[in-house]
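Below you'll find only one chain, the form predicted alone, shown as structure tokens.
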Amino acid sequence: MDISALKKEFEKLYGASQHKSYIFFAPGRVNLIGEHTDYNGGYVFPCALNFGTYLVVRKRDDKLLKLASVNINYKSVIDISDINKKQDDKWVNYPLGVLNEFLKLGIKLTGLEMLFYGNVPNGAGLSSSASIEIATAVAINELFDAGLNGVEIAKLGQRAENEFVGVNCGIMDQFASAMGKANSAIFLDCITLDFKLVPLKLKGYKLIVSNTNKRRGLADSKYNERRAECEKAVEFIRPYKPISFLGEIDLEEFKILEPKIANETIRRRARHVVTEIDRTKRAVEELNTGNIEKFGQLMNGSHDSLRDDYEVTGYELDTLVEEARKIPGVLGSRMTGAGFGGCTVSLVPENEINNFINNVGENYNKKTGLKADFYIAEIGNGAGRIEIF
């Protein structure tokens, strides 16, 4: 759906008004390396995509909040006084959680008419939920002069997901959606939120996102379980080194402290986190020096660790990665996102893209019975306003 059609849909749904209407956009993201490290105080390396969530919104003169989605046949009318109550329909809780955070900041809200449209595949692990949160947050920030900067908007979106939706996500998804820049990835320290924009100079290669089309709900997945296991690893280590996050240990320290983790499963979870943080730092160094071959090898190592030590991949993701690595010239392929379905990201020569899509798609279908979707990842800017009408 293009912008013109989206405007017509909004006007058809809500009619005329004396108030101006605004269109905002917030992108989804793909994480190139650094998975399940954000909530462990480590580094991540995401980039914003050129697809995400569009929000058309305007103020009302009363206290009614009207929400609708182009993607789902759903409409809701909620009084602002009831914003702090979770709704049965899951997607509505993402914007409601954001609005509730603005109320906590003392922002006086009026009623709103809101129409959402997303072209991020839901459940694909490309952060459709974060893009809904950030689209809502940049809209409310501008319409009500809240004065938040991009980092504060990202943190507000994360709080909404943690405290209202109930998913203990880290900061990465919201940060990438709010702070992304075209043709660059974000090297982000998830504790300090210090970040660097790293140009993606891939020299004849493209990033191909492959969707397993195996749906997985993040709140229903093993995400919270893995987070709890990492916290348990910290408890094992703390008597020997006072840490709050696994990200505070470098690889050499971990080799010494690893035997202190008595539980084998917890030990493997910690091993993934510490080695993944190390891989992420090395991957950025290799990219900065133009060594994309080594960058691809580190992507491969990331997936293998997520499969063997963190156990968040599954048959469909592993099959996509296995088939991707068979294509001539592919430098690296790994799952991206929380796992248990969702997407992979692969570094593919431009002259092999059609071969990649055809062969990986065919072989994946034969092995799983599912049809994969493929996207050539174009790296876009972070969230902002598109138009006033």
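Note that this is a predicted model, so its numbers are computed, not measured. Quick note: we count residues from 1 along the sequence shown, nothing fancier.
One more form of this protein exists, namely the form predicted in complex with a small molecule; it is left out here, but the text below deals with it.
Not displayed here, the small molecule is kept clear of residue 92 by more than 4.5 Å at the level of heavy atoms in the predicted bound form. Interface residue remark: residue 323 is not counted as part of the site for the small molecule in the predicted bound form, having no heavy atom within 4.5 Å. Residue 169 belongs to the set of residues with a heavy atom inside 4.5 Å of the small molecule in the predicted bound form. When contacts are judged by a 4.5 Å heavy atom cut-off, residue 338 counts as touching the small molecule in the predicted bound form.
For the options 45, 364, 39, 356, the one in contact with the small molecule in the predicted bound form, meaning a heavy atom within 4.5 Å, is 39. The partner is absent here, but in the predicted bound form a heavy atom of 223, alone among 245, 236, 223, 144, sits within 4.5 Å of the small molecule. Of the candidate stretches 71-79, 259-267, 170-178, 202-210, only 170-178 has residues with heavy atoms within 4.5 Å of the small molecule in the predicted bound form.
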